[in-house]
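In the form predicted alone, a lone chain appears below as structure tokens.
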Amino acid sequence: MTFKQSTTEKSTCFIHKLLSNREQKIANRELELLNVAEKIMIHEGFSGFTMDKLVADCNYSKGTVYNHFANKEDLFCALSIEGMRFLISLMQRSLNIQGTLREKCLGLFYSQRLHSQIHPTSFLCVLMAKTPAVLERASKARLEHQIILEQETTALVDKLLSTAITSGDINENRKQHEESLCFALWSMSFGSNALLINAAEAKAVSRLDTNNALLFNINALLDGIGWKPLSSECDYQQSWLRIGNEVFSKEVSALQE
């Protein structure tokens, strides 16, 4: 037996559809504005960015731009949020690779590396969004959304670490330091990528084979905490290449063009 939709139900569905289309249009416009803002920052840096420059470079009025962002600090927070959304989508894909838990961890590192290369400005906005200026002036809703996404990224790493400890790939004695391990993984990855994209001329960076510098740091850290198989027992260079070819081929190809 099927049920016929009442006139009221049809009207409600129509209204919901209109609202959904309107919301999607607003979301698309906001992404467009963030892309324009990111291009300005790439050429002029964070300090050189102003809302007036955004208005001048986009196809919308000043009022429309300010309907989306209360000020430039609010925009920095929005850019950080979009960056984290992008990163989370990459991280989720990387966890589906076929391989050991340590190779899945490599996938998480690969995800952040791609984020730093494809969207370097939103990558750095993760820290920019934590400065007092942004925390004081960004909208409460965006700051709360940012916290939710931070918790989501942390949860993905926590779950992988917990699984590795439970399975015996990491010694169970590390369980009591799980939060510290999560921070160690994030800080090493973020710091390494930030230096690789922003300090290429520094002696400590310029003398490196930058294609392998991050993987070297990863293996040194994971070997240090005893995550098996150790790098002496497995060719993680091949694993790194496989992750790029099998999981992120589209992104890697775009970067190489």
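What you are looking at is a predicted structure, and each value in this text was computed from that prediction instead of being measured. For every residue, the number given is its place in the sequence shown, counted from 1.
This protein has a second form, the form predicted in complex with a further copy of the same chain, left out of what is shown; the following refers to that one.
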Answer key: of Ile97, Leu124, Leu101, Ile165, within 4.5 Å of a further copy of the same chain in the predicted bound form (heavy atoms) is Leu124
field: a further copy of the same chain in the predicted bound form reached by all of Leu75, Ile81 and Phe86, non-hydrogen atom within 4.5 Å
entry: no
**Prompt:** Should Ser139 be counted as a contact of a further copy of the same chain in the predicted bound form, where contact means heavy atoms within 4.5 Å?
**Reply:** no
With the cut-off set at 4.5 Å between non-hydrogen atoms, does Leu156 touch a further copy of the same chain in the predicted bound form? no
Please determine whether Tyr60 contacts a further copy of the same chain in the predicted bound form, using a 4.5 Å cut-off between heavy atoms. no
Next item on the list: Could you confirm whether Ala27 comes within 4.5 Å of a further copy of the same chain in the predicted bound form, counting heavy atoms only?
Entry: no
In sequence order, the residues of 173 to 204 that place a heavy atom within 4.5 Å of a further copy of the same chain in the predicted bound form are Arg174, His177, Glu179, Ser180, Leu181, Cys182, Phe183, Ala184, Trp186, Ser187, Met188, Phe190, Gly191, Ser192, Ala194, Leu195, Leu196, Asn198, Ala199, Glu201, Ala202, Lys203, Ala204
Checked in the predicted bound form: CA of His43 to CA of Ala202 differs by 3 Å or more, atoms lying farther
Checking the C-alpha spacing of Thr131 and Val205, a student should find that in the predicted bound form it changes by 3 angstroms or more, with the atoms closer
